[in-house]
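Before any questions on binding or motion, here is one chain by itself as structure tokens, the form predicted alone.
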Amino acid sequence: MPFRAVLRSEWTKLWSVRSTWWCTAIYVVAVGASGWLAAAGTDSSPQAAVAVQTALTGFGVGQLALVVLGVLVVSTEFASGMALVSLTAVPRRTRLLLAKTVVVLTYCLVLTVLLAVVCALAARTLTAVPGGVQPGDPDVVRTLLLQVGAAGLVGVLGVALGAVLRSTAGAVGIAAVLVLVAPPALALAGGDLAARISQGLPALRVGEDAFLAVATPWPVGMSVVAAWAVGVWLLGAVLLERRDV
């Protein structure tokens, strides 16, 4: 089967299940509503990038919906027995996993681009900034692109965990700990060791939600998230090839 046909099949499966719509609704509400509330609660900001970062606060929690979606794309097929049908149609297992990853990555990127624009509009409309929030401001554009990239990588991490564990509960639980629970716990714990561990977790925080993670420079943060996503995905691909259905 041509790879394009596999992509079409996976895209159809993604939008034919209710879980996708639920994850989408939760993500939109968590990010969009939080963005407008955060911007409305911030009377002024010294810089446009800071105002936009404040409006992006909802991504810290909303990204969990992307992780859940990525996990479900893989784990539900093994739970329902549909994986056998999929692998019969596409015997090359890594190819099938790649198609699922591309579909989820595309979904995460497109939806996050739209929500990032909504949050930027909230900052521009509701927060007073010297000179205003200009769409062409390099710092603003970089902030938005970082958030979009991080959201895409989190979706890939969800797919990877689903492939490694094949258990919805187990994969979602571990993902929640990695991106949502452990970072604030370690940040609150304090100490150099806790800070270093927190910085090594896949929890890039572009928004102004410092309680959620120890701060890291954005190149380091993106590198860590990418390393987790790619590393776990490669492990999932190897296990998918070696294990029985």
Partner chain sequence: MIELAGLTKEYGTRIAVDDLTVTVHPGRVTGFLGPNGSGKTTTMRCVLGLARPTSGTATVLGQPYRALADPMRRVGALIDPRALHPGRTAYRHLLALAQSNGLPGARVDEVIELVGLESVADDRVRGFSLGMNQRLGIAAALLGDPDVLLLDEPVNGLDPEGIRWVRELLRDLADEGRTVLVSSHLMSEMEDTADHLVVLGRGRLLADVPMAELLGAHSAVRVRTPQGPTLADALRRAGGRVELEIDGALRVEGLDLTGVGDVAFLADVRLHELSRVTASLEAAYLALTDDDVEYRAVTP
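Residue numbers count along the first chain shown, from 1. What you are looking at is a predicted structure, and each value in this text was computed from that prediction instead of being measured.
From this point on, the text means the form predicted in complex with its partner chain, which you will not see here.
**Q** Name the residue from Leu165, Val148, Leu115, Val90 that puts a heavy atom within 4.5 Å of its partner chain in the model of the complex.
**A** Filtering the options by heavy-atom distance leaves Val90.
**Q** Of these, Val110, Ala169, Ala128, Met82, which has a heavy atom no more than 4.5 Å from its partner chain in the model of the complex?
**A** Comparing distances to its partner chain in the model of the complex, the residue within 4.5 Å is Met82.
**Q** Test of understanding: in the model of the complex, would Ser9 fall inside 4.5 Å of its partner chain by heavy atoms?
**A** Looking in the model of the complex, residue contacts with its partner chain include Ser9, since a heavy atom lies within 4.5 Å.
**Q** Report whether the minimum heavy atom distance between Val17 and its partner chain in the model of the complex is within 4.5 Å.
**A** Yes.
**Q** Answer yes if any heavy atom of Gln134 is within 4.5 Å of a heavy atom of its partner chain in the model of the complex; otherwise answer no.
**A** Close contact is absent here: in the model of the complex, Gln134 is far from its partner chain, nothing within 4.5 Å, heavy atoms only.
**Q** Is Thr106 close to its partner chain in the model of the complex, meaning a heavy atom pair under 4.5 Å apart or at it?
**A** Contact with its partner chain, no.
**Q** With its partner chain left out here, work out from 155-163, 119-127, 134-142, 91-99 which stretch has heavy atoms within 4.5 Å of it in the model of the complex.
**A** Checking each option against the 4.5 Å cut-off leaves 91-99.
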